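Next comes just one chain, in structure tokens: the form predicted alone.
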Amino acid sequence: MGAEGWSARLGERLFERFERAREGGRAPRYSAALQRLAEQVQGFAREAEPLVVAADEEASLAQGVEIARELLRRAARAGWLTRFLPGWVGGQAGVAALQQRGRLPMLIFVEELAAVSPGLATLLGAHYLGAMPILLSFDFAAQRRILRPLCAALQAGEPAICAFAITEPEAGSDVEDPVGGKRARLGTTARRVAGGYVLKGRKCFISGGNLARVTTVFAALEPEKSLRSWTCFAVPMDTPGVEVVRVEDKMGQRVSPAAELYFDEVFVPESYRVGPEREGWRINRATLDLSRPFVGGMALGAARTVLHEGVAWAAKNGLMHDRFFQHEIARLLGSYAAARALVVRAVEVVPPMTELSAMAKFVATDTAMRIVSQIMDWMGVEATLRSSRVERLYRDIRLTQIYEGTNEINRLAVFEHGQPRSWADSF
């Protein structure tokens, strides 16, 4: 046999091996380290699910809060509330890991939690959201001063979490948009006094606000009271004058309490100001640009579970060989895969891009809502029962279209700089 014959035989065998590999299974979703992370989070979420369901069904808000506090204790003991904080504040994340993997581990964390419950992902993820402005100040002394005591308490199993407070009764998603922010009626103010500031005003719908040990609060400086004067403060929640006014009775994500907070002449020392004066808007924008893709990932984690539920329902009812059903499932799978690719790309871009983060958020959450709505249509009344996981995830997913800026505000963020920048180059 000549050289050409050997080449043809070799090519045939290599192609057969290639086809066997394709037919033998799917490619691993992550590296070995990230796959271990995903499996660990899945295990924690499965163990937490009975408490999540209990909180969802609990009529007493006080009892629901106690369930949330117990889940935070479990998460603290398991290391999940320090896992993604840097080592210099007492966390577990090393600089090398942050450089190599970026935000992908955090995406896996919230996505796998949300596959069981977006509320569970919000309960734990809001802690990192609250810490983010402190980290983004790049003031390492302030980071150690504020976050190190929290990490020490968390490592001891205490639910010493952070919360993030921008929303006010008269200023919601509009303060997450430059145009709307100029017209926002900001009510929370900071007045300079000897040694620090005095805060006065209300914040509402604050995830974990009633559970937090420290809350990053954005306030307008007096006498300006404009978004341009917005300044961020880390407020210990045991400071005199801080009051939890109420906990909201929400339709979804009930395991993650949202609270209204009142600051009545609350003194904050200058050492607990986060970043320079009047840098609140920029810190807020950077925080949201980092966090919005995670909200998209949470919605898609829940949508993945709903897709599994829908396929299982179809198999039970003999529909898996129906060509029309195959067509519709393929359409949902394709939209899910495209949205997730966008979310993954958004967390890979460093530093984060406003437009890309906003698109990841509204595309993924809208896609997840379409998926759960379609599956509910197929399953009919069965999916509307309170005992149905799909019913709970429907209510949970709906909230992801609203917080971290409504999806309408996120669409406007694509044009924040007048016209979309060269976002296409980032794909």
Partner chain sequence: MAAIRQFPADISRAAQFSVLGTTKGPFGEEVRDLAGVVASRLLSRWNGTVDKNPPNLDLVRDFDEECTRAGLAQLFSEASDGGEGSESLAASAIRGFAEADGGIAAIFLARLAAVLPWVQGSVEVPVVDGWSTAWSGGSRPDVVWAWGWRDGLPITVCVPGEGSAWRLQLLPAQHLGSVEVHQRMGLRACPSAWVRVHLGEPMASIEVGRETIARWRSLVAGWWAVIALARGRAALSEAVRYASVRYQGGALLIEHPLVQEMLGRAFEAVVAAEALLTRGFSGDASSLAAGTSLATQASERAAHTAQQVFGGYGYMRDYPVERCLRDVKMAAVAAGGSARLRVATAHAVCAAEGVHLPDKGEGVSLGSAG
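Positions refer to the first chain, counted from 1. Source: prediction; values computed, not measured.
Below: the form predicted in complex with the partner chain, not depicted.
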*With the partner left out here, if you bring back the partner chain in the predicted bound form, are Gly172, Ser373 and Leu399 all within 4.5 Å of it by some heavy atom?*
yes
_Is Glu248 part of the interface with the partner chain in the predicted bound form - any heavy atom within 4.5 Å?_
yes
_Partner contact for Gln253 in the predicted bound form: the partner chain, 4.5 angstroms, heavy atom_ = yes
*Answer for Ala33 alone: is it within 4.5 Å of the partner chain in the predicted bound form, judged on heavy atom distances?*
no
*So in the predicted bound form, does any heavy atom of Arg185 sit within 4.5 Å of the partner chain?*
yes
*Though the partner chain is not shown, can you say which of Glu39, Glu382, Glu49, Glu70 has a heavy atom within 4.5 Å of it in the predicted bound form?*
Glu382
*Find the only residue in Tyr262, Phe84, Trp281, Phe205 having a heavy atom within 4.5 Å of the partner chain in the predicted bound form.*
Phe205
*Region of this chain that lies against the partner chain in the predicted bound form, out of 224 to 232, 154 to 162, 237 to 245, 316 to 324 [heavy atom, 4.5 Å]*: 316 to 324
*Which residues in 258 to 292 have a heavy atom within 4.5 Å of the partner chain in the predicted bound form?*
none
